[in-house]
Every structure is written in structure tokens, then in C-alpha cells.
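As C-alpha cells, one chain now follows by itself in the form predicted alone.
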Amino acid sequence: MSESATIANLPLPPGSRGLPLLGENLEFIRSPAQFISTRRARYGDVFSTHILGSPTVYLLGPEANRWIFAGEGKYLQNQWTAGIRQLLGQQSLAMINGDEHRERRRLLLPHFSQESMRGFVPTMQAITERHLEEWANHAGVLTIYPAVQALVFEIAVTLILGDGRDVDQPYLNKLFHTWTEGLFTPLTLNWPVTTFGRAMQARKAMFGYIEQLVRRRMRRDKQPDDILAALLATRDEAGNPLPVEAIVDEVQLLLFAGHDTTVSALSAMLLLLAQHPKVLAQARAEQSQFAPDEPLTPDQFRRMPYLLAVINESLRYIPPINGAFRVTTQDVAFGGYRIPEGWTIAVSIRGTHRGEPWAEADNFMPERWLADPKPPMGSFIPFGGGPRVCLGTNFALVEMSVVLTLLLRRYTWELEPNQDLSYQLLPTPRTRSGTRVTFRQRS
């Protein structure tokens, strides 16, 4: 019997299709975490549903993730929601596939290596120090989420587009936030009164503004040391530069990838440290080996194993991205079930981080990373995996290390009472209150 005939005889994954037209969207949007956990308890690590307009199969666990990441360009292809497909740049790394994706990634990867991040640390430190001083001088209660947003956006814009002389950051920031609000909205009606319609208008203005910046930079004889300069200098095997349209699309993608997920992750880390005073005390104790005003370097971070453990455990416990999607390009089989061509495969990052092999998965325990710093492949995927693992992983880890180190050495923060610290998971995880704290400089 042929492989295709064998697959055809397999059953479909168990699950429910929900209501006509609506599927199970309402329950999914209300609480993605609860949606996954209830079905996982009922059906196991493989189940089907109908969400976001498509029959969808959830595959949970390290083995499933390894199968998904290995299938890129073979039996699976990357898939975005309708809103993201219209709002992201069509020539950006996130949107292209196959050989074009592999070649673009090969060209860009050296500019995001660990070594290339070394030169960014002083700039990250200077921007962070200024923002943290402003937080400490803030009159009254500080709301962490918007404060971190402003910090991370300035870091991203400065390191991607330059030192700010050519960039109207308030204008770009306004466009950026209107644009990102439309990325994950389920209603993609391009009307001026809708969130998605406003996002499309902001997209047009933002892309036009970035293109002007790119073209001005192309006319400069001496380029600053930033990521845009690296994009302008990139050449393919034939010696050709990236098209202007591709550079614009990559810049907007980098702004998005280097902002929302990092804001979510850093905000979660501050909350978790405030909720776990013993962890906070141990993280602070590790910093006592350094002078408070000692300039930060990547070499210092290598001497901070507990800081990295806190970062990794925070990314496991509250991942900054809930999941991703692929689509089958042929009938496939996994776990004894048939998944037809054209069905969506959901990668659940949160579900992965709360299942096997994680012991006491619902507890925040940074010490687990000291005992076992390399978990099994596919069990820790905060930045995705396989050929589409996040290009900016090193950028994000260095940025988180800089911000957390300065916070631990110089500041204290205490949670305000009577606030809603429950999490909304879409578009990116954040507390409903924004996490309000009393923020002070350490004596």
C-alpha cells in the first residue's frame, strides 16, 4: 500500500468544528490559554478545531514541534492571518518563502549574530539609563507596560534607523502603534472607522515615511553603525543590493519584531520579580560582584547565570508570543491522524511550555535553568524554531539583559494593591492593569 493510501485511511484528529461560519472563534478569542487547556484535557496533545476561518489542528509537545519545524518547505508552509498578510511588508523575511526566504535569511543573519550585538550594548545602556531615571522621577504610580513600550521603541528605532537626527520618533511611534493595533484584529474590514482600516492608513503613512528615510540614507557617503546601514550594505551572490522596497519592508518588520514581544517579555519579568521576592533577592545578589556604575558588556552577562535563568524562565512561564501557524501543502500524518492538505497547523508556544518535560510547569522557578540549562529540543520555543526562528533573538536577549541588569542594580519596584494582574493574551500577553508599581531609586 502506498504512503498516500495509508494516510487516507487514518482518522482525522478529534475535536469540534463549533458553530457554522463562526467556528470556535468566540471561545478562542475570549481566552486562548483556556481554549487550549480544556481541549488538551479532553482530547490529548493532538486535536482539531475551526478558528480564524480555517480548519485547524493543534499539535502540542516537543515531538510535534520538531515535526513542524522540520516540515518547513516540505509538507508545511508558513501562514499568517488575513490581517497580518495585508499589513506586513510583502517583501519582508516574514512573508517570503522557499529559496527566497533561505537566501534573504543567509544575507541578514551575520548582522544579528551574538558578536554583532557587542557594539549595540553602550547605546542600549545609555537609552535605558535615561528612561529609568525618568521612571524614578515620575510623580505618583508608574504603569510599567507603557513605560517599557517607550523605552523599547526608542532602543529599536535608534539601533535600526540611527541616532535620531533623521527620525521623527513621536510621529513614527504614533503611526507604529496604530498599525500594530490592526495586526491581530479578527475583523479585517478596511473602513476608516475600524481598527483595521486605521491600521491600513497608518501602514501607508509609515511605509512612505520609512522609504524617505531609506532613500536619504542611500545618498549619504558615511553611514552610522546601525541595522539600516547593514541592510544597505547587503549584497547577494551577484553583487546586487536589496531593492529599496525590500529594505523598507525589512525595517518595518524589525521594528515590530524588536518591539512588541520585547515589551511583553520585559513587563512580565518585572511583574514576576515583584511577585517572587526570593528570586529578586538572588538576582540582586548576583549583581553585587560588579560596581554599580560599571559599563555593561556581553562578557559581563556571561558571568550572570542567574540573570539568564530569570530571563529564560520568564520566557517559558509567560512567552511573549502565544503561537504561530503553518499550512499543510499535502495530506500528512502525525500521531496516527490524517491532516488534509490546506489545513492550518497551530504551534502553541504557551502549551509547549506548560507540558512535558517541564516539572511543576505552573510554577515560576528560575533555578531549573541552573540545573538543566539546555532543555530537550522543541520544549523551549519562545522565539519559534526551525528555519523561521526569530532573526532578532540575540538582539532581544541582549536588550533584556541590559534593562534587567540596570533595574536590579539601581532601582526597586513594588506592586500597587487593587489592580487586575490577570493576563490578556492577544495580541501579545500583558496584564489588564498594565502593571502599576511604586518605582524608586535604590539608596
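Residues carry their position along the shown sequence, with the first being 1. Note that the coordinates shown come from a computational prediction; the quantities given were computed from them, not determined experimentally.
Heads up, the form predicted in complex with a small molecule isn't pictured, but that's what we're talking about next.
Of the candidate stretches 292-300, 361-369, 87-95, 236-244, only 87-95 has residues with heavy atoms within 4.5 Å of the small molecule in the model of the complex.
Not displayed here, the small molecule is kept clear of residue 47 by more than 4.5 Å at the level of heavy atoms in the model of the complex.
Contact annotation for residue 53: none of its heavy atoms lies within 4.5 Å of the small molecule in the model of the complex. Though the partner is left out of this view, residue 339 does not reach within 4.5 Å of the small molecule in the model of the complex, counting heavy atoms only. For residue 387, a non-hydrogen atom is located within 4.5 Å of the small molecule in the model of the complex, even though that partner is not displayed.
For the candidate set 217, 326, 276, 203, a heavy atom within 4.5 Å of the small molecule in the model of the complex is found for exactly one residue, namely 326. 78 is the sole member of 114, 190, 282, 78 with a non-hydrogen atom within 4.5 Å of the small molecule in the model of the complex.
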